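Before any questions on how it binds or moves, here is one chain, the form predicted on its own, in structure tokens.
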Amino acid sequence: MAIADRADAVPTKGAVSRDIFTTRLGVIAATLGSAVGLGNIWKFPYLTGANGGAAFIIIYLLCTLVVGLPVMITEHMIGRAAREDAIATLKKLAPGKSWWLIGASGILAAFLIMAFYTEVAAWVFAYIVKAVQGAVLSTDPAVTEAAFAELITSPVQSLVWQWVVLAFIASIIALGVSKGIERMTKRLMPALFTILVIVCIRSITLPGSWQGLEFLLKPDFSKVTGATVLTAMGLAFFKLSVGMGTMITYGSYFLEDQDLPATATRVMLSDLAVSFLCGLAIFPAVFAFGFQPESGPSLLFITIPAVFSSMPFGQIFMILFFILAAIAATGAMLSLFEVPVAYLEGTLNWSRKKATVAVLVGLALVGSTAALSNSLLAHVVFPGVGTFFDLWDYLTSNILLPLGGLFLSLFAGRVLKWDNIKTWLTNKSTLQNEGAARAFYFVVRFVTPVLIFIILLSGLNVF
């Protein structure tokens, strides 16, 4: 049998027995929830400000169009075409070939990302309680730094909060795709935008906030270098949650008449809007009170509490901010958790509850190594990498995800036939988007693999 040579692989109405998303809004909400994460809150805004402001945004958008977006469309396309989990999708479209290893890599990546990402989410959830209690209500960064250190170096707190997060996510996953993931994300995404707007308004109306706006928005082309472009390329790839099986899995739940290129583009632009609003919510306030725009955990858990503690009604806005961060983390974790669950449920024919419990237990065990990386396992260091937390991050971000994205783009551009791609993306010519389909095919065939290969080499410190 030829590889993916059947144009009728898109299921016909009534042919899908598995649970799927029930509305277009549900598709957008779930997919956006997967793309939006904690990186939107600190990484994108900080990198934008540090790499030329508006100039970086322009470069990032161009990179997204040729790096992240084509891989997302590929995952949605093959996921819906096969209506299977990440491994079974590739086996179905390329029978007898080794392309299924892409799906296996994605499932492994999703699992390992959850192993350390749930610990960061655990800190966020813990900080909601700390903000309510006023435990981190201090304008002194030394105090907030001590509070954060006390949390991450406590084995009990680290494990318990990670287990709370895992149990919360598992309880949603166990309900299924439409009643669990879709229903939750349709509520979370509007709440996320609402809280963002509220915090943005407060932040940009503070005296002295113009410095933060300038940091984020002023185009500074003198900062644009080859390293800037490479940073934008990497961000464009990693920000859309591709290469880890999530978009293949979610694509398998899409409506059969969903416009895939349009959906992926809307998700990309909405994700950018969330990142931009997060920058407006954070950096004007950071500069208004004389703090430094540092990135990473130091910004989220040390600087932000001190910033909000400096403003009137700061405790309320601090609570809202960490609820916002928890929402962002939840959407991402739902998609990551669903990837191995879909495999166990689909390929191994496990019940959804059994598959959910199995993944929950596995993540609790492996994730504990990340949770204890700053306490009981702090002495375990991998040369050139760091702790267990750093190891899972390195393996996924530097190896598995770029490899997955690279081979997915090669699969779409070199293995799949144009007739199939045209059929799948135009929904059997019912959509007037053949131009977009042809543009996708050209980019994913000749441009995307080269750029992702560069990202892979950069992550491996080849240059």
Ligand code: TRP
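Quantities reported herein were computed from a predicted structural model and do not represent experimental measurements. Only the largest set of C-alpha atoms that superpose within 1.5 Å between the two forms is called the rigid core. Start at 1 and count along the sequence shown; that's the residue number.
What follows is about the form predicted in complex with tryptophan (TRP), which we do not show.
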| query | finding |
| --- | --- |
| Of 248, 336, 342, 325, the one that lies within 4.5 Å of tryptophan (TRP) in the model of the complex (heavy atoms) | 336 |
| 281, 113, 318, 93 - the one with a heavy atom within 4.5 Å of tryptophan (TRP) in the model of the complex | 113 |
| Contact segment among 304 to 312, 240 to 248, 345 to 353, 127 to 135, judged by heavy atoms lying within 4.5 Å of tryptophan (TRP) in the model of the complex | 240 to 248 |
| Residues 40, 117 and 401 all lining tryptophan (TRP) in the model of the complex, heavy atom within 4.5 Å | yes |
| 4.5 angstroms heavy atom contact with tryptophan (TRP) in the model of the complex for residue 332 | yes |
| Contact label in the model of the complex: residue 425 to tryptophan (TRP), heavy atom within 4.5 Å | no |
| Heavy atom of residue 35 within 4.5 Å of tryptophan (TRP) in the model of the complex | yes |
| In the model of the complex: members of 264 to 298 within 4.5 Å of tryptophan (TRP), any heavy atom | none |
| After fitting the core, residue 42 CA displacement of 2 Å or more between this form and the one not shown | yes |
| Did residue 60 shift 2 Å or more between this form and the one not shown, C-alpha, core superposed | yes |
